[in-house]
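The chain below stands alone and is given as structure tokens, in the form predicted on its own.
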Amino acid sequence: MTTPGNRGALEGVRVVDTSTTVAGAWCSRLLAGLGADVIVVEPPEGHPIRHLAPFAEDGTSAPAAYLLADKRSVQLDATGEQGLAAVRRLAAGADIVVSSSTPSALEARRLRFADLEAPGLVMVHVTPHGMTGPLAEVPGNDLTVAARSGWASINGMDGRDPLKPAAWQSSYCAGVMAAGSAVAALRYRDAHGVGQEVDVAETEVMTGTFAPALLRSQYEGRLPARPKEMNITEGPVPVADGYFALTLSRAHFWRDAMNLLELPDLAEDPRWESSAYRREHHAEYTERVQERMTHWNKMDLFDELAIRRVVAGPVLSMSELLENVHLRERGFWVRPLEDPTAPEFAGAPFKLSATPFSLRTTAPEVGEHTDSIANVEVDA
């Protein structure tokens, strides 16, 4: 039974997810965690995410288990008119529809916003390049988005190939933007009775978050350069048991860190208080500082710097993340409420005190809820 303490913020909202991408799936997963009833429409062979590695011993896709959790599954063959008609009925009766289709694909299936004839509908498009413009029909993925957004131009070392952000970061960022925009459009619908389309382009999401490199290029008139070598001014450096990132942006960060590392001449010389001076003369101290850091274990160094309120971060491995005391005490790692024996998942990236984000169920089987959802007819 739902109580005010565990009622989701989007309780009573129905979402139909017709998307086939990680970005779309993450958008609807966030909405589901906020209490929405999310129905994912899957083709006969299952959602494309179900075929993504890595796979568990039973052959289940780990990404699918994570991204399709908390949803109900309807299996429809949308290549036939009867299946398409069922998709249209589901979409027209929803509060939010999530789509990753191109404009021409929606037109061919008569699944455009206007075709659904639902004035109060919020239709969220999450595509690589958006629903308008010369690239609207062009496919893309996280690799091409990283390239076209500029992110690849600053990732990696100078003289080597550009790198994209790890895994599906573009998709996850776009999914978050899509979920937030959907809730904003829903708020407007509830206040004024008017639905609308939300157009989220993954390239624009990543270009819009391409700071400070893009801002520096705009306002300083120079192109950002990738580092020629990795040192303390650019990123994590070795310590006794791994790697460690040390931020030295403020004068007291520098002073207290240098004293802890037993480098009093660097700590007390007033010239080093200026971050600009430190950037210009980094060759004079980086080797000394990094050598002193190699005598420390990363968590010991972090604890001592935290006492001094110096911003720093140990590079945690996957196993260390799972065992991290801070994340454990905050309840970040969660299991589905209906299956406490299921593997743990990463929890919500935010906390709501009255309507907490929740993980209720594991990912459904393909078409598990087809028969139980009203007004859906499937070709025999």
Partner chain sequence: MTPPEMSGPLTGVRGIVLTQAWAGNWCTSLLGQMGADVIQVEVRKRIDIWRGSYDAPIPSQVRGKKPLQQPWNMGAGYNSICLNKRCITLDLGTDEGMTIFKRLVPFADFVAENFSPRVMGNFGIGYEQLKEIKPDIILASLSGYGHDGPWANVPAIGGTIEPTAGQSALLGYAGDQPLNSGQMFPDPIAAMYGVLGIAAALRHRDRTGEGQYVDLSMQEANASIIGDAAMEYVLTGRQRPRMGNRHTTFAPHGIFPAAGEGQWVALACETEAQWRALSDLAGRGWAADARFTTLEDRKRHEDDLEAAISEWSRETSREELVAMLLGAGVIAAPVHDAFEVARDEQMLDRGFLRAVDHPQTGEWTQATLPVHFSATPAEHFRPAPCQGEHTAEVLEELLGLSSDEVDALVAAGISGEGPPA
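Here the structure is a predicted model, which is why all the values come from computation and not from measurement. Positions refer to the first chain, counted from 1.
Omitted here: the form predicted in complex with its partner chain. The next part is about that form.
Of the listed positions (102, 297, 82, 247), a single one reaches within 4.5 angstroms of its partner chain by any non-hydrogen atom in the predicted complex, namely 247. Among 181, 259, 274, 286, the residue placing a heavy atom within 4.5 Å of its partner chain in the predicted complex is 181. Stretch 239 to 247 is the contacting one of 82 to 90, 278 to 286, 260 to 268, 239 to 247, since its residues have non-hydrogen atoms within 4.5 Å of its partner chain in the predicted complex. At the 4.5 Å threshold, heavy atoms of residue 116 stay clear of its partner chain in the predicted complex, well away from it. Using a 4.5 Å cutoff between non-hydrogen atoms, residue 254 does not count as a contact of its partner chain in the predicted complex. Within 4.5 Å of some heavy atom of its partner chain in the predicted complex lies at least one heavy atom of residue 13.
Taking the partner from the other structure, its partner chain in the predicted complex has no heavy atom within 4.5 Å of any heavy atom of residue 45.
In the predicted complex, the residues of 325 to 363 lying within 4.5 Å of its partner chain by at least one heavy atom are, in order, 325, 326, 327, 329, 330, 332, 333, 343, 344, 345, 346, 347, 348, 349, 350, 351, 352, 353, 354, 355.
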